[in-house]
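Quick setup: one chain, the form predicted on its own, written in structure tokens, and binding and motion questions come after.
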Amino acid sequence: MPTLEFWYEFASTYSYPAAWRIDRLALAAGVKVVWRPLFLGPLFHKQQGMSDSPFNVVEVKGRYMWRDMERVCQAEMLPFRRPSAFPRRSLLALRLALVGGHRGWIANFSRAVYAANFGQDRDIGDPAVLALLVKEVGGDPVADFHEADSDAIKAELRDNVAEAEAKGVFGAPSFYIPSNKTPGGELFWGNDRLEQAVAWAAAH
């Protein structure tokens, strides 16, 4: 089965609709999705010299993005509330997603985190909020939080950042298709490239 890697960050606005669309589109095309949580902060700082979201750095770009998100979410029938704080802390949620990757609930948890942040304006940096989401998707908050704080999970997230950079990822959502024919594989960036990425994975 063809494989598509979904690189995402919980602070990424456009990763929200992508996270809710990708499994449906991939299933219809016979493509397997591999969920790859990514901490964008180090990449933004290293590649672009940014210590904040580009949507905060460039005011006009941010103004456009928030209106566009309203349109995109309306079209997808997704609830949307502009977060009262942006970007929110995402490190713990990303580590918990990696735990979910080992325990089978990464996709459901990731969608729940996005819905909380961009659909309900809940603080996804708050351990209490995340504990409720872990429980909702069938996890054990005590055990899963303990594992999320382990050296192994912290190293896995660092390795994800390094791997993403090596594959040319510079933002989220990004979709990467390994390829024997194209050196380095194929990279697509942005929620609006999801259909193209799935089609490419299915065809190549």
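These figures come from a predicted structure and were not determined experimentally. Quick note: we count residues from 1 along the sequence shown, nothing fancier.
We do not show the form predicted together with a further copy of the same chain, though everything after this point is about it.
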Query raised in the report: Should the three residues 60, 67 and 192 be counted as contacting a further copy of the same chain in the predicted bound form, with contact defined as a heavy atom within 4.5 Å for each?
Result: yes
Query raised in the report: Quick one: is residue 168 in contact with a further copy of the same chain in the predicted bound form, heavy atoms, 4.5 Å cut-off?
Result: yes
Query raised in the report: Do residue 112 and a further copy of the same chain come within 4.5 Å of each other in the predicted bound form, heavy atoms counted?
Result: no
Query raised in the report: Even though a further copy of the same chain is not shown here, does residue 20 get within 4.5 Å of it in the predicted bound form, heavy atoms only?
Result: no
Requested in this report: Indicate whether residue 9 is a 4.5 Å heavy atom neighbour of a further copy of the same chain in the predicted bound form.
Outcome: no
Report summary line: Note: a further copy of the same chain not shown here; in the predicted bound form, the stretch from 69 to 77, 83 to 91, 117 to 125, 101 to 109 having heavy atoms within 4.5 Å of it is 69 to 77
Report task. Go through 1 to 23 residue by residue and record those having a heavy atom within 4.5 Å of a further copy of the same chain in the predicted bound form; state none if no residue qualifies. Result -> 14
